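Given next, in structure tokens, is a single chain: the form predicted alone.
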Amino acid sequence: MIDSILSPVGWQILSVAACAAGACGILGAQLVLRRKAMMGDAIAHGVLPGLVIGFVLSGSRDLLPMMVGALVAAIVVSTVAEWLRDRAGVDAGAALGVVFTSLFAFGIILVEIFARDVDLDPGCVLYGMVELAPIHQVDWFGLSLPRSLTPVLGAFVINIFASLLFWKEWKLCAFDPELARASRLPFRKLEQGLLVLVAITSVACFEAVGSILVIAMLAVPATIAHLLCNRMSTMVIVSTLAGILSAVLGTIGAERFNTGVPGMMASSSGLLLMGAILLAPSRGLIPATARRLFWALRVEMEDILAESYLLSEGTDETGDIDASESREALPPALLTFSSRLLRSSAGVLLGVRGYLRDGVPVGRGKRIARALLKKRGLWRRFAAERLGLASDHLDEPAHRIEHHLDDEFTRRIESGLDSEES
């Protein structure tokens, strides 16, 4: 299977798909940061009537007239959507949905009327013909390469240079548009320029991969990068690499399952997105669940140590808390299964680590219990003396807050209370 991808034909298909996905990934990151991924969807659909009109007026499928028609259509999409939002009071998402669906439907009608006998048909527009890329060849410096590689590679290079040229301006427009306007940057022109690049990329990729994959590659790799990255630079890089990886996996999957490359690329990007949702280090569901579980386990272990210490010693080193003030354990019948499992696991871990022996904290477990009780007592004093809160309402908040106080903050509270006494 890999051998077939590395063959001349397979390599040509992969190169076209990867360039298309990479070009979309660069701009997709900008759209996702602006919360305008739907605008990319709208433009990818809405340029269709412009493509057909350019074809009808020129009588050929040359890139230039179709590109001009697509740019005009893209400007119409953004202008009409903004007018509906600002002047007619229509919701931004609804405005985009109305505009692009209407234009896309109009484009399909134009295709059926004027392009019925050429390969600019609905199937070409929707699904692309990347598998047929090796059939139509052009000579590049003595090399025979797919004709559809020219526009997608051109779009890829243009997007890279545009990102480098307008990096600071786009970054400011994405994260602080009000500051961008106050800095007298040509905010509107910069945003319209981005939409023009989206239109150019959509047109360049239409023949190769179709509108469906353009929409997927504009949104999905950028969303993956947004889950994985906290900086715009790394997000753009990861978005581009995720798009290229989707192209590789989609090409291999299409060969394996004997299906279309664009559809398999979109499916591969969806699987990558699901993996990012589950496994992203900072935002993934599994790491977040693991962090919450470890935190709950730590809190339960500290509570067991503190309660055991109070029962065994009767008072902590501050003399503020005695065994009668410890929380009464709920009857096992009132505890949920997860609570019982968490408490049992915490008890087992304390025994394995040697922090608890015969129900009494020892060694490091004793030091942890004493430190926790000290934080509890200090917080209760601070809340009562400095915040003026009723002392009989501070027990439960103190039990929660004590786990969040670090040593530095504890020293600051203690020094503040001591200075007040002196």
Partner chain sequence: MISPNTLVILLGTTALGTCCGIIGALMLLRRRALLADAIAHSTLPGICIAFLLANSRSVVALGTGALVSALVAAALVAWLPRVSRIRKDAATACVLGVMFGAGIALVGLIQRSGSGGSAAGLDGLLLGRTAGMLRSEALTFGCAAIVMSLIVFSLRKELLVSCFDPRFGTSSRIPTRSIDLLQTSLLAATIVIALPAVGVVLTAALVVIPAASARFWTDRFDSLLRISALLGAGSGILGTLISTSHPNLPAGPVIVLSATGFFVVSLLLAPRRGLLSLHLLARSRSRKRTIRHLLDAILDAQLHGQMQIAIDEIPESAIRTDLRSLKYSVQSGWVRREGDLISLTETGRIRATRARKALEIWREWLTSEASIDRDLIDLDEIEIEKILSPELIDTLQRSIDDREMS
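Residue numbers count along the first chain shown, from 1. Since the model is a prediction, treat every value here as computed from it, not as a measurement. Definition used throughout: the rigid core is the maximal C-alpha set that superposes within 1.5 Å between two forms.
One more form of this protein, predicted together with the partner chain, exists but is not displayed; see below.
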property: Non-hydrogen atom within 4.5 angstroms of the partner chain in the model of the complex for each of Val72, Ile158 and Leu241; result: no
property: Met274, Leu165, Ala182, Leu341 - the one with a heavy atom within 4.5 Å of the partner chain in the model of the complex; result: Met274
property: Answer option from Ile200, Cys173, Leu153, Met264, heavy atom within 4.5 Å of the partner chain in the model of the complex; result: Met264
property: Partner contact for Leu227 in the model of the complex: the partner chain, 4.5 angstroms, heavy atom; result: yes
property: Touches the partner chain in the model of the complex: Thr251 (any heavy atom, 4.5 Å); result: no
property: 4.5 Å heavy atom contact, Val362 and the partner chain in the model of the complex; result: no
property: 4.5 Å heavy atom contact, Val68 and the partner chain in the model of the complex; result: no
property: One stretch from 228 to 236, 187 to 195, 145 to 153, 165 to 173 that, in the model of the complex, holds residues within 4.5 Å of the partner chain by heavy atom; result: 228 to 236
property: Within 4.5 Å of the partner chain in the model of the complex: residues from 176 to 193 (heavy atom criterion); result: none
property: Did Arg292 shift 2 Å or more between this form and the one not shown, C-alpha, core superposed; result: yes
